[in-house]
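First, one chain by itself: the form predicted on its own, in structure tokens.
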């Protein structure tokens, strides 16, 4: 175990927080228990971070990296013998390169700040999710975050051109390339993106940008069948000429629960349907785009694919529709002991999977508090949430749902990572050979096992 005084020599006394002070802080946004750690260190740059890791490697000191602390899988869970390293001071945001459509940012840069910096130059950073105002780029890359616009722009991995990271012994790997084509051997950046800080810590990245759209068109669609939902997704991807950016599905129980809580039960669409879609198209010709969007929705209504629809006519109405999808306060109050799942499935299997989860919950966990299902249909990602009366019931629900995921050929984690919450279920999505290879990589890059120990594998 290292002496905190040695870390103060590297980063300065004001950038080290001791164990006693940390106990006044909750573990993270979701876990409201005191933080247990040896201390917390805030390096200012890659040089300081490298020195800290070299010191920790020499002494076999376990470290855990912190970003915005909004992860959902216990990825920053610590104990009294681990050192926390915050990346918040590595928050540099460079000037966007309008010609190359790239930007270089530090791991501590807030996602929303990067979005705003790019928007000011007429550019779009294609990663977006609910925690944009607190999540940091480093954490988003370390967990390979997804979000609302993965349908159009891809997940976090797809935004990265070049990467800098620091290995367990302090070695710096810097390959900050600002171009797409680079066939110079192993593409090492993809080892670290999605590895949750277990192989090395990301410090800087060159991100891919896109022209900022000049129009946005939003609609809430209601459906009588899941088959109609899936067919409409394909139709809109084709007929909207590649401008479809979001296609968010909500099963009726979640939708109406939020409508009751947020809008006093006054649904934007009359009646009750099994499925609701919040879809959005972004383009570059406001008049043409609006006409095309309305025409595509109207045609789907006329053919009976869509049962009912409302197209937002103002930014206020658009925000109201998105609030139904994004607000989870009512759900958190309903499911006091929440059991939530972030999974991927083939679109063709989703309806059967959800129906079986509902049936099995009713049979095997009859005191469940309901089932909320929503997700990013265009990339196969569903968020499935239920609640049980006491924490003792969570394990049974997790085992039930993850086993079903395996049976449907899905993934137990679509965009939130593994951390500790899903570690014991990883075998449902990965073969023994894959898990052995992961351990081989971990042993090679972190032979003393000091980086985020106990996470992922």
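Since the model is a prediction, treat every value here as computed from it, not as a measurement. Residue numbers count along the first chain shown, from 1.
The next section is about a form of this same protein that is not shown, the form predicted together with another copy of the chain.
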**Q.** 4.5 Å heavy atom contact, residue 108 to another copy of the chain in the model of the complex
**A.** no
Q: Verify the contact flag for residue 379: yes if a non-hydrogen atom of it lies within 4.5 Å of a non-hydrogen atom of another copy of the chain in the model of the complex, no if not.
A: yes
Q: Look up in the model of the complex whether residue 448 has a non-hydrogen atom within 4.5 angstroms of another copy of the chain, and give yes or no.
A: no
(Q) I'd like to know whether residue 434 contacts another copy of the chain in the model of the complex, with contact meaning heavy atoms within 4.5 angstroms. (A) yes
Q: Heavy atoms, 4.5 Å, another copy of the chain in the model of the complex: which of 225-233, 269-277, 88-96, 303-311 makes the cut? Say which one.
A: 225-233
Q | Listed residue that, although another copy of the chain is not shown, lies within 4.5 Å of it in the model of the complex (heavy atoms), from 359, 323, 190, 316 | A | 190
Q) Of the options 338, 371, 261, 167, which one has a non-hydrogen atom that comes within 4.5 Å of another copy of the chain in the model of the complex? A) 167
Q.
Please tell me whether the candidate spot formed by 285, 411 and 456 is one where all three residues come within 4.5 Å of another copy of the chain in the model of the complex (heavy atoms).
A. yes
Q) Mind listing which residues of 8-36 have a heavy atom within 4.5 Å of another copy of the chain in the model of the complex? A) none
